[in-house]
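Below, in structure tokens: the form predicted on its own, a single chain.
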Amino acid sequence: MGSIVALVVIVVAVVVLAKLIRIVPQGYEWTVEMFGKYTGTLTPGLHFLIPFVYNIGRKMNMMEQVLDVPSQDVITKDNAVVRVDGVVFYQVLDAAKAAYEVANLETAALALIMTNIRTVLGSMDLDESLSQRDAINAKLLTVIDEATHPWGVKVTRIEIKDISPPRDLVDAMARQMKAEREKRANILDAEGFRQAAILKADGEKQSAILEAEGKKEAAFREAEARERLAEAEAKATTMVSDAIAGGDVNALNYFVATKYVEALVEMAKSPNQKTLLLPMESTGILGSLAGIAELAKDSLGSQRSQAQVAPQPPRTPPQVR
């Protein structure tokens, strides 16, 4: 009998000590109730409570937590059905509010998040919902954080993991994307051909300009050469005229013979010329050549006479001793 009493005393003592000494782990906060009424919050560390008067109410996790949002079908503004899921990061900032302002925090938060996802995506077209995921996340974060603030919860981040359109819509989008890429490829090909044609035309234009400038320069040079030749011809004609006026008939023969020989040379240069026929008056050419010889002889004679008439240097007189 005595041993049973002792065992009961030991059990009661253990229970009293367990209710008296409370150790709250790091990252948690415990609410304290007195006869079922919230009285305070225990932070991490060692605490002592009066047994059977104060009890631990809720053990709240104060660390940032991750909540998976299950997939759900959402109808967009243009009546496209997409399947959406996501993930939410939240942290309890006030343990008392999180424990007593909402019955089941995770269930309530999850229902609130899924409802707002349907609301936000339902106000957008399919293209907007697929291309503006950051805007969707920001809008959901603002709405849900404001809604959960009375619960003592801070929603730090919301990420939409996947937005999946139905299979037939995916196939249509793939065909549209393929057609768009083929359109871009055709435009690029046409642009390439256009640029090539422009460059080719520009090159031909520059070539024609350079060729025309070359012909212009050549014509200018040829005209200048003809001008010089005409001046030389005029000067030669003047000299021959002066010689004829001075009574020298051989100068005329020289002039005619020169022109005669030049005409024969041009006739001989003709590509179709196989046979060269000389006129019957070939003796005229010989006579003209004789005139050239006479001119040359007269010129040499005049040069010798000028050399003989040239003055002699004065002699030095002999010296007388």
Partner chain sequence: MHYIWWIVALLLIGGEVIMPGYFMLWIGIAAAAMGIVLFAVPDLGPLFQAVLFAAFTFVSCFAYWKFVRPRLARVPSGNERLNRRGEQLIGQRFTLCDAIINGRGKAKVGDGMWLVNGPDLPVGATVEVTGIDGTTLRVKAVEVG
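Positions refer to the first chain, counted from 1. Everything numeric here is computed off the predicted structure, so don't read it as measured data.
We do not show the form predicted in complex with its partner chain, though everything after this point is about it.
Participant: Check Ser3, Val16 and Met62: does every one of them have a heavy atom within 4.5 Å of its partner chain in the model of the complex?
Facilitator: Yes, the whole candidate spot contacts its partner chain.
Participant: Within 4.5 Å, heavy atoms only, which of Ile244, Ala96, Leu93, Leu130 is in contact with its partner chain in the model of the complex?
Facilitator: None of the others qualify; the residue that does is Leu93.
Participant: Just to confirm, with a 4.5 Å cut-off on non-hydrogen atoms, which of Ala268, Val53, Val66, Leu46 contacts its partner chain in the model of the complex?
Facilitator: Selected option: Leu46.
Participant: For the chain shown here without its partner, which stretch in 139-147, 206-214, 223-231, 122-130 has non-hydrogen atoms within 4.5 angstroms of its partner chain in the model of the complex?
Facilitator: Heavy-atom contact with the partner occurs in 139-147.
Participant: For Val74, is any heavy atom within 4.5 Å of its partner chain in the model of the complex, or not?
Facilitator: Although its partner chain is absent here, Val74 would stay clear of it in the model of the complex, with no heavy atoms inside 4.5 Å.
Participant: So, Gly86 and its partner chain: in the model of the complex, are they within 4.5 Å at any heavy atom pair?
Facilitator: Contact check for Gly86: no, nothing within 4.5 Å of its partner chain in the model of the complex.
Participant: Is Val82 a contact residue for its partner chain in the model of the complex, using a 4.5 Å heavy atom cut-off?
Facilitator: Output for Val82 is no: heavy atoms all beyond 4.5 Å of its partner chain.
Participant: Just checking whether Leu20 would be counted as a contact of its partner chain in the model of the complex - the rule being heavy atoms within 4.5 angstroms.
Facilitator: Within the cut-off, so yes.
Participant: What residues of 143-170, in sequence order, lie within 4.5 Å of its partner chain in the model of the complex by heavy atom?
Facilitator: Going through 143-170 in order - heavy atoms within 4.5 Å of its partner chain in the model of the complex - the hits are Asp145, Glu146, His149, Gly152, Val153, Lys154, Thr156, Arg157.
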